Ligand SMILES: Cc1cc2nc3c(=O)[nH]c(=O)nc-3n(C[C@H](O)[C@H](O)[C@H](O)COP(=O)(O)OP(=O)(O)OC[C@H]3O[C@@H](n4cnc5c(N)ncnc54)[C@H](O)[C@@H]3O)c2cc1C
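Just one chain is shown here, as structure tokens, and it is the form predicted on its own.
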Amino acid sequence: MMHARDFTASGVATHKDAGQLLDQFCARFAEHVTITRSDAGARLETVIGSADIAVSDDRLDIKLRCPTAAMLFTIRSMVVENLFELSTGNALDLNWADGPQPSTIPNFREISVVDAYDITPHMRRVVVATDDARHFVEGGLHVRLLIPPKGREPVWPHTEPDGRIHWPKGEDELTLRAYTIRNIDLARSQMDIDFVVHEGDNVPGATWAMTARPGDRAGLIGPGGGGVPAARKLILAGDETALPAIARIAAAMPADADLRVFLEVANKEEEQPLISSTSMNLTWLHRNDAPAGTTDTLERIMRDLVPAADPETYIWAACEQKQARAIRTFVKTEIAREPGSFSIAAYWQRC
């Protein structure tokens, strides 16, 4: 049902093989959103809105619907960027009924570092300030962090007429990574973003967190992704990459909620306090010497608990990609949980 507050957009994309393009598009998002296929096309449903895409010959008719203008921008840019990325060369032509998009990105906010410190040996918190912290309260738990080159004045992105985001290149190129906002302090207009600190050749987010100093500038696009589930009975499971999201969900639960939490971390030193109004049942799972992403502990817990859980219990899990796929296959296919009663996400991929 459409409400008066809904924001909508309609567009037409032409491509020499529109059907194949839609198949590829749906395959890319199959693990992240609810997709319903039909002879006419596909419907994608997320926590921030929906996209209906009808296919005919060389044409995709796109209809988007979201509760806010910022969410509409997020859905539109997601659809646009992925369609162009999946198409061959410049073979895709995309036009929107409401004409060229504004050059400013409505859900972009600049941030500045206030403080940075270690919570545990492998978890570092960066406290950032923004002139609009309230913007991040609703619409999802996650943001895209835009890290400018060290020592250069940031050049922020803007939108192209077809809805794509124009990213600065060359010496001004930004580094993008997805993170979860752990806490929002509206009184101070500050937010906490937690980073898993690990070794590797391609860890720009962790490197930024380790070297962040008060006054350093960065950008955020969002919020987006999954939000706090509306259910009052929940099972939450994840590794350290999911800990900030689980902590945020736990903090949002009312006193009468039934909350069971399973967190896999390296060892006891990586445990940290979780605050909630409800008396949650929290279990820490230690890998000890096992590398992250190599155990099946979370999958085994899901196989034990989910079949016996009340149908009203919402199942939420986030972890390494291979583990997340195994859990999703079990919940969605093997025991055929009702759509909308679970969310299983891959937060990272082990190389």
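Here the structure is a predicted model, which is why all the values come from computation and not from measurement. The first residue of the shown sequence is 1; numbering continues from there.
FYI, the form predicted together with the named molecule isn't displayed, but the following is about it.
Chemist: Find the only residue in 155, 203, 251, 91 having a heavy atom within 4.5 Å of the named molecule in the predicted bound form.
Modeler: None of the other options qualify; the answer is 203.
Chemist: Under a 4.5 angstroms heavy atom criterion, identify the one residue in 96, 262, 179, 84 near the named molecule in the predicted bound form.
Modeler: Answer to the contact question: 179.
Chemist: Give a yes/no on whether residue 7 approaches the named molecule to within 4.5 Å in the predicted bound form, heavy atoms considered.
Modeler: Residue 7: no, not in contact with the named molecule in the predicted bound form.
Chemist: Could you tell me if residue 196 has a non-hydrogen atom within 4.5 Å of the named molecule in the predicted bound form?
Modeler: Flag for residue 196 set to yes.
Chemist: Can any non-hydrogen atom of residue 164 be found within 4.5 angstroms of the named molecule in the predicted bound form?
Modeler: Taking the distances in the predicted bound form, the answer for residue 164 is no, it never comes within 4.5 Å of the named molecule.
Chemist: Would residue 244 count as touching the named molecule in the predicted bound form under a 4.5 Å heavy atom rule?
Modeler: Residue-level check for residue 244: yes, a contact with the named molecule.
Chemist: Any idea which of 277 to 285, 179 to 187, 109 to 117, 254 to 262 reaches within 4.5 Å of the named molecule in the predicted bound form, heavy atoms considered?
Modeler: One stretch meets the cut-off, namely 179 to 187.
Chemist: For the heavy atom contacts within 4.5 Å of the named molecule in the predicted bound form, list the residues of 330 to 351 involved, in sequence order.
Modeler: 346, 347, 348, 349, 350, 351, in sequence order.
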